[in-house]
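In structure tokens, the next block holds one chain alone, the form predicted alone.
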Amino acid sequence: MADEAPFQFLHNEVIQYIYKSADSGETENGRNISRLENMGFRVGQGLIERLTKDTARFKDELDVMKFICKDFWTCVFKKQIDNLRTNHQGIYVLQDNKFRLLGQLSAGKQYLEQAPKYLAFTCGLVRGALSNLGVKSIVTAEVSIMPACKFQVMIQKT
């Protein structure tokens, strides 16, 4: 658990750094979310290369998603995804009932508006990992009750 704290501190500092230099406008907020998501994308690409170097090829995208939910999530957040659902048409929902990067925020409703900036990096992580595995996707996140969150992964057919 000791190696978890530096990651959370780094994540918080990156968010503070990006938001400190920006205005508070809606357009600027969208740019900041994009910057965080792009950072996560690059990290996800590199991390998945290291995790899959000794892994056999995946049969299909469901196997890829299972790998993301078990091995990838465990590597990053020290636990597996709590729930994986799919409609078998390219949409997957990953639910984490106690998302570590939201743990430092209070559970009150007033903090729900702050949640997207704490989730953008992780959306990028997942999208980058999937991209390096040959799966083009759009990843979004939603929070209804803190610290639980759902990541929706929409697979784009090429």
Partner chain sequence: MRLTARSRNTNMAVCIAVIAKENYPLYIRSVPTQNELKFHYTVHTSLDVVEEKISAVGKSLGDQRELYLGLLYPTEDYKLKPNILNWRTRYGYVTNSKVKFVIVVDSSNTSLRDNEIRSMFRKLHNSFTDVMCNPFHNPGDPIQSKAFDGIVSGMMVQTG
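None of the values given here were measured: they were computed from a predicted structure. Positions refer to the first chain, counted from 1.
Heads up, the form predicted in complex with its partner chain isn't pictured, but that's what we're talking about next.
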Is residue 103 near its partner chain? Define near as a heavy atom within 4.5 Å, in the model of the complex. no
I'd like to know whether residue 49 contacts its partner chain in the model of the complex, with contact meaning heavy atoms within 4.5 angstroms. yes
State yes or no: in the model of the complex, is some non-hydrogen atom of residue 38 no more than 4.5 angstroms from a non-hydrogen atom of its partner chain? no
Within 4.5 Å, heavy atoms only: does residue 58 come near its partner chain in the model of the complex? yes
Of 112-120, 127-135, 30-38, 91-99, the segment with heavy atoms within 4.5 Å of its partner chain in the model of the complex is residues 127-135
Across 74-92, the residues having a non-hydrogen atom within 4.5 Å of its partner chain in the model of the complex turn out to be none
